[in-house]
Every structure is written in structure tokens, then in C-alpha cells.
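Just the one chain here, the form predicted alone, laid out as C-alpha cells.
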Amino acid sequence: MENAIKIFVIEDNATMREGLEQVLSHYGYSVKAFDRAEKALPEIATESPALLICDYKLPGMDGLTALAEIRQAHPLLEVIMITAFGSIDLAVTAMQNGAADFITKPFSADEIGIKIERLLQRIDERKKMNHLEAENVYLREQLDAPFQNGDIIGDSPVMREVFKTIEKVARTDSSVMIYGESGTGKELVARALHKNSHRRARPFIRVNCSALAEGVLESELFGHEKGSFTGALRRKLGRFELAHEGTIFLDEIGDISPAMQLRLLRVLQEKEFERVGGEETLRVDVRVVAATNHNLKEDVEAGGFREDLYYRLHIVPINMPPLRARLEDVPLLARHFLARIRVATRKPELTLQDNALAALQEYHWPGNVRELENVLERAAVLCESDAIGADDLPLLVKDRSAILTLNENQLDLNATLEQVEQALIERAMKLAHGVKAEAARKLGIKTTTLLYKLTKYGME
């Protein structure tokens, strides 16, 4: 992290200090933390951090006094003031004394991350004002920069078409709907769209719409005001607010309720919303990318999804093919995953034998790319050598007909169907990591039906 942006932290609470160090390091910054302002001030002069995060209430020299000294000695150093004793008056005082921003404890990693990113962007813009010609060169280079597909791996004809679509739409602000089965890499497409857009320096915020109850999802998307419901102990910024000038990725959009569909439609149409329990109308500039494994057109025809919202989201559709439709990409994907797995398993010489690769290319991959990665990692962990062979692969991958292995004298139709049904249920439960509702969705049956069959076959 020699070239990482350097950030100083002054915080006397050890837990908060260590937490900030971990969060900022995770974001890729070089962090140096102090428990007192008196220790930090001399090192600011020698190390010239890009940014300072300073607690208001400190032993010895308090935050405002430290801020005054910093403003005098280092007028270009930006400071974010943090405190557990927040009030409008205190915020105004801190800003009047030269703080660039202000945040109240407790705060989320997303909140502090977004504030830092915005402030660093402001610093960059200020520097560029003094180097207009250099900025123009930079912008021209960005316009001419080659398309980057990130972690999406593939060279099959269907994937080349996906890359062409991403490249065409990335530099626009049009809404994109990504279709595909679970595990095909829909989030990677969303990230590639963001990375190749003019918004790439701004936040990419992901929301899994199916993982949250309606009330929780509303608060996550739009935020809430303090006291708006039981447990709302402070104001919370929503994901749309955090994604301002960036991209928001709404995963599993087909699972949201009619009421949430209506609220989302307003944001797309008017670019505005209110926090839960709030009256202030907030305006945002956000590019929306959504994804689903549903056929939304069928959902619209069945009355389960609003037609007007569908057309707002469906400006540009991108279809991520299942892995079974691009088996020629399996060797590329396998090499990509093995590179990661070698590091994770500390097996630098790990290889894949030809018979294992052949078995991988013959399997139908109901869990798609995610299942391929899991199979390779499991094989790497369990194999006794540095060469993964066909025998190291799970049974269903080694023998794709294993689920239908029949004795030539076995003619009992009911017994055979039950055998197949049990095998499919077991596979679905494994792919869903034991989540029954998800397993039922993969099988195309109701959860109550799955519960009945689990009981019937003694598979609870």
C-alpha cells in the first residue's frame, strides 16, 4: 500500500479507533491512528496525510482546538469531525472553524466511506482547477480508454455479445435490467457497467431486495429519521442517498412488493424521495441497474409486477447465459478460479488434470459459475496431491447421469420417480445452503410442498 492515500485518525476510544482502521484499510487507504491530538500534530507536518478524521471529544487538546491549529499550520488539510454528542449547533461550529464535514456516532462503514470518497473527490477537483490543460488530457484519455470487463470471464460467442452490450451502454445513464439464473454473474455485469461509466469515481451501492423484509428494505433504500419507528435511534441515510452521483444495483428486483414498486417508480421518474418518517424531499442523481432471475414480462402479464416500473427498468436488457449454454468457457473460468484457490489453500503448484477438465465440461451446472467455483475449491481442499483429477470431483460432476442410475431390472415407476425426486431435492437444498424457500424456488414448487416432501422422505 505504498501508493495508497494516507488518512490520519485521532480517536481516544480504542474500539472505535481500531474499527476505523479496519474499515479504512478495507477501502484501500493507508491509515495511521492516534489516541490524542498532541501525538498526531507533529506527524501531520512530516507525513502530509490527504485527510484527517478527528473526534470532537478528546483528552487533553479537544477536537475543535486541534482543528484550529491544523487550519493555521496546514490550511489545505481537510478534516472530518466525528462525535457522539452531535447537534446542529456543534456541526455549525465545527464547519465554521474549518471542518470539511461532520458525522455523528454511531455511523456505518458505508457512511464514512462515502463521505471520505466525496471529500477526496472535492480535493482532486480543486487540484485540477490549477491544471486545466492536464485535466483536459486526462478526460481525453478516459474517453479513449479501452473497455474493462472486470471479473467477468468468457470468450464464447454469447459472452462476446454480452461484452458488446456492456461496452455500448456503460457510458450512458440508461437503466439496465440484467436477467439470468442464480450464480451466472449478474452482479459482475453491474460492476462492469459502473466501472466503465463516467460515474466510476463515485459509489457503487448494492442492495439485495429479496433478503430484506418490506419495512427493512424501505429503510435501507430511502433511509429513516430518528424516532420514525421503534428502534430508530438516529437518522439513517438510505442507499439511494449514499449512491448519489454513482450507481445503485438492485439485485432480485422481481421480489419486491407492490408498495415498494410504487415508491421505486417515483424515484426513477422524479429523482426524488423522502426518508421514512421524514418530510424533507431529497433529490438524487443515481444510475439504476437491476437484476432478476424472474421473467418480468410474465410477471407483468400475471399482475405481479407493475408495467410502468417494468418499462422504466427495462430500457436496456442484458441476458447472462447459464454456464451450460457456454461450456466452452469452462477452461477459462477454471484457470481463473484456480489462481485464487492456489492462494487460499496455500497450494501454489495446484493444477487441473485433463480428465477433470473433461468432466467439468460435460456437467450441466445447475448452480452455474458459482457452483463451478465451489466444486473446484472443494476438490482443491480434499485432493491429496497438487493435481485435481476426476476422482477428486463430487459424484454428480464426475458422472452426470448419476442422478438417473438405474438397475436394468428396476421397472417400478413410482419408486424410480421418488429416487429422482429425492436426488433433485437434495441437490437444490445444497445449492440453496439449506434455505428451504430458496430451494423451493429452484425446484419450481411451493415452500409448503417442499416441506411436505422433506418430511415424506425423512430429509428434514
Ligand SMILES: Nc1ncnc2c1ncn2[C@@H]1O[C@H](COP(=O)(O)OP(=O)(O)OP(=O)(O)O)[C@@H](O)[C@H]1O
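In case it trips you up, residue 1 is the first one in the sequence shown, and so on. This is a predicted model, so every value here is computed, not measured.
The same protein has a further form, the form predicted in complex with this ligand, not shown here; the description that follows concerns it.
Chemist: If you check in the model of the complex, is G238 within 4.5 Å of this ligand, heavy atoms only?
Modeler: Output for G238 is no: heavy atoms all beyond 4.5 Å of this ligand.
Chemist: Should A379 be classed as touching this ligand in the model of the complex when contacts are defined as heavy atoms within 4.5 Å?
Modeler: Outside the cut-off, so no.
Chemist: Would R263 count as a contact of this ligand in the model of the complex, using a 4.5 angstroms cut-off between non-hydrogen atoms?
Modeler: No, R263 sits far enough from this ligand in the model of the complex that none of its heavy atoms falls within 4.5 Å.
Chemist: So in the model of the complex, is this ligand close enough to L333 to count as touching (4.5 Å, heavy atoms)?
Modeler: So L333 counts as contacting this ligand.
Chemist: Is it the case that T247, E270 and H314 all touch this ligand in the model of the complex, with a non-hydrogen atom of each within 4.5 angstroms?
Modeler: Judged in the model of the complex, none of T247, E270 and H314 sits within 4.5 Å of this ligand.
Chemist: Using heavy atoms only and a 4.5 Å cut-off, determine which of D354, D151, E280, E384 is in contact with this ligand in the model of the complex.
Modeler: Spelling it out, the residue with a heavy atom inside the cut-off is D151.
Chemist: Of the options L90, M159, A170, V276, which one has a non-hydrogen atom that comes within 4.5 Å of this ligand in the model of the complex?
Modeler: Only one option qualifies, and that one is M159.
Chemist: Tell me, please, which stretch of 211-219, 103-111, 297-305, 181-189 lies within 4.5 angstroms of this ligand in the model of the complex when heavy atoms are compared?
Modeler: Result for this chain: 181-189.
Chemist: Would you mind checking 368-385 for residues with a heavy atom within 4.5 Å of this ligand in the model of the complex?
Modeler: Heavy-atom contacts within 4.5 Å come from V369, R370, E373.
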